[in-house]
Every structure is written in C-alpha cells, then in structure tokens.
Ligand code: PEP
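The data below hold one chain only, encoded as structure tokens and taken in the form predicted on its own.
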C-alpha cells in the first residue's frame, strides 16, 4: 500500500527520505534547511510547529506564526510538509498548511485525536509510543483507519529499554513485523531512535536494510544552536554524506531513492550536460 503526500508516494518501490528541523525557528533557518535537504535528495519536509516538551520552560514552537513561513518554503521548494499536531483543535487550524499530520509518541494513545484524524482525508504519520507494544501501535492505527482514513504511515522512533547509552533503542523487529502484519507503509525516525547525531547514519542504513519504506531525519544549519533536539540533528554536510552512502545501501537491495521531478531533472543534467561534466 502506498500513501500519497504531495507529489510523493510512500510505500511504493522507492525509498522516501523526509528531512528538516525538529522545530521551525525562523524564516532563514527553515528555508536554508529546506533547500539543503532537497539538494541532498530529501523529497518531503519535516518541521515542528508546536512542540511537546518535557520541560514547560523549553521552546514550545512558533505555533501559528510559522504558517506563512511554511507556505513560502513549500511554494519555493515544491515539497510537502509533515508536522506534528498535539491537540484536536490543531487539525482544522493546520489543514491548509501541512500535507500530512504527525501524531507524536506521546499522543499515540490519544484516542480522541486519532478518531478525529480518522475523519480526515489527509495522511497521518503515526509514531510508536516509546513504551508501547507493537500490537498497541497497530491497534492505535485502527482508530484512524476505522474512521475512514486509510492514509496511515507507521513510524518506528525507538523505545525505552534498560539501556541508557542512547536516547532510545531502535526496534528493528518492529519494522519487519509491522511491514508484514499491518499492510501500511513503515518508516523509521533514526534521530529520535538514537539521539546522537554521529550514530544517525548507521541507524538509517540498518532501517533501509530491514525493509523500511523511508526515513524521517532531523537536520539543522547549526545543531549547537538548535532550540530543540540539537544533539541528534545532522549538519547539512553530514546529511549529504549520509544520503550518498544510503543510495549505495539501497542499491544492494535493488531499491533507489524517491525523487521529486526537479531532482530527477537535475540528476539528468549532471549526467548528460557536457558543461557540467
């Protein structure tokens, strides 16, 4: 089953990379990041409008202030946006802004929110709760699909275990199991899974090898100054290096990256235009 987000199908024969900042912080930060990840091969943007944070004093996102920035960046790049909603009231508020709703790990059990999203036509990215059984995750998706919205993408983002060396533990088992038993596309969020930027590429390659349909990766112009989750965000340079290696990993499994029409045209020019050779 493939789910359409903008010009891109997730769950088809190609591997989809979603990338962008944890939080949209400013017009400059968002447009620079969007252009960089697109140039490296990402085809869908991620960016937090509202952020659920453990500390009430932490940055909570720009909220509606980000709407105009998003519309401009989407128009400029031709990319769709996935962003987390944290409350039922945000479903309607963001309907004309986002191309897919994200349900974060903390809201996987928010059944009122899931039921409301079941009434929508827009795709939903459902993250697994950090302490949820796989069966609970799949049953949570049914609150959406039973409401009539079949456009659900599952996202494994790591679970809490006894291990403390990394932020969470990526459950590769869950990727393979959900692919086999749900019939829904399954992607991996390596950034939250490991929480350490230097380890994100290796986790990404493992996800691709396990049969995931794509990744959602956090990227920031200067992770040391990020207002949220800077420790797990890749720089533009490191994201580009990861994408180059990811293509080699995918080739071993006879798969390739999903591409935007503009990216395909650019790739064609790089190969056949003698001025660029």
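Residue numbers count along the first chain shown, from 1. Keep in mind that what you see is a predicted model, and the values were worked out from it rather than measured.
Form predicted in complex with phosphoenolpyruvate (PEP): not shown, discussed below.
- Query: Going by heavy atoms within 4.5 Å, which of 103-111, 69-77, 89-97, 197-205 lines up against phosphoenolpyruvate (PEP) in the predicted complex?
  - Reply: Partner-contacting stretch among the options: 103-111.
- With a 4.5 Å heavy atom cut-off, would you call residue 212 a contact of phosphoenolpyruvate (PEP) in the predicted complex? No - in the predicted complex, heavy atoms of residue 212 and phosphoenolpyruvate (PEP) never come within 4.5 Å of each other.
- Query: Would residue 22 count as touching phosphoenolpyruvate (PEP) in the predicted complex under a 4.5 Å heavy atom rule?
  - Reply: Residue 22: contacts phosphoenolpyruvate (PEP) in the predicted complex.
- Quick one: does residue 38 come within 4.5 Å of phosphoenolpyruvate (PEP) in the predicted complex, counting heavy atoms only? No - in the predicted complex, heavy atoms of residue 38 and phosphoenolpyruvate (PEP) never come within 4.5 Å of each other.
- Message: If we define contact as a non-hydrogen atom of the residue within 4.5 angstroms of the partner, is residue 234 a contact of phosphoenolpyruvate (PEP) in the predicted complex?
- Response: So residue 234 does not count as contacting phosphoenolpyruvate (PEP).
- Query: Since the partner is left out here, which residues of 122-137 would have a heavy atom within 4.5 Å of phosphoenolpyruvate (PEP) in the predicted complex?
  - Reply: Heavy-atom contacts within 4.5 Å come from 127 alone.
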